[in-house]
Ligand code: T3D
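Below you will find one chain, with nothing else, as structure tokens; this is the form predicted alone, and questions on how it binds or moves follow later.
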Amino acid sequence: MNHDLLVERNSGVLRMTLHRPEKLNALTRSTIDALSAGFEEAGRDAATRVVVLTGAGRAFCAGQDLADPSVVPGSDVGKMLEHHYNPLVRAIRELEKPVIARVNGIAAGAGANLAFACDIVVAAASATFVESFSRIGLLPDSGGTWMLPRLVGQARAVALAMLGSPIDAQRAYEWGAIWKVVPDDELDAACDELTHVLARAPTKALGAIKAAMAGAWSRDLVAQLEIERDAQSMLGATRDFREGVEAFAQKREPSFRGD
């Protein structure tokens, strides 16, 4: 059990809340590993249809806790990435289920990049994102150098990384880094709406969408067409595909089970 991570399950939704509000939910090794375990468990649990990642208090996540002995000057920061952060980012990206980042406040450093690793990011209007690594002599990690150029373009990504300048949620939305920005008092409702839709969607299809699009950057069109073919062969044999076609013919809402 990790008291810095709250885990809730309800109606197909797994919600993981970083819970160090007095430290702006800064990450420790144990919390990172608990998050990885949570995402891995979500992959094994057929009842889980969607995952929500958020933070308690006024922050989403301030990134790495710099008081942690594993990142003090003189330590091998790369080992921290290899054994803790990188497995977490892979767990988020490889999970064959949708992951929502509910960004309720500042998302800094690795906290920003964990949000960007999620499939759909919904942010409160007061939220901010900052690639703060250069301020302490590092480069963006946790997938930041891979995700940022793809989300906002090369020029903006390089400037954000080098300058360490914060951008507010509205700017992040306008640049294409996040899906939606809402007034602070509407954040819960916006996330609840998304989870309601995704938890009742055809889960295998959502997983196939995620996998196909994630790998599309490294494939040419011919290879991507083959990926689509293979995925459709698999999805066409699912119960949810049959249900979707029958519901369409009967002019009713489908009842997807995720299989």
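None of these values were measured; they are calculated from a predicted model. Throughout, we count residues from 1 along the sequence that is shown.
One more form of this protein, predicted together with the ligand, exists but is not displayed; see below.
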Quiz prompt | Heavy atom within 4.5 Å of the ligand in the model of the complex - the one residue of Ala42, Val52, Leu35, Ala26 that qualifies | solution = Ala26
Exercise. Note which of Leu88, Ala108, Ala177, Ala117 lies within 4.5 Å of the ligand in the model of the complex, where distance is taken over heavy atoms; exactly one does.
Key: Ala108
Quiz item: Looking at 94 to 102, 179 to 187, 150 to 158, 131 to 139, which lies within 4.5 angstroms of the ligand in the model of the complex, counting heavy atoms?
Solution: 131 to 139
Exercise. Spell out, yes or no, whether the shortest heavy atom distance between Gly63 and the ligand in the model of the complex is within 4.5 Å.
Key: yes
Quiz item: Closest heavy atom of Ala46 to the ligand in the model of the complex, within 4.5 Å or not?
Solution: no
Quiz item: Counting only non-hydrogen atoms and a 4.5 angstroms cut-off, does Leu225 reach the ligand in the model of the complex?
Solution: no
Quiz item: Looking at the partner-bound form in the model of the complex, is Ala67 within 4.5 Å of the ligand by any heavy atom?
Solution: yes
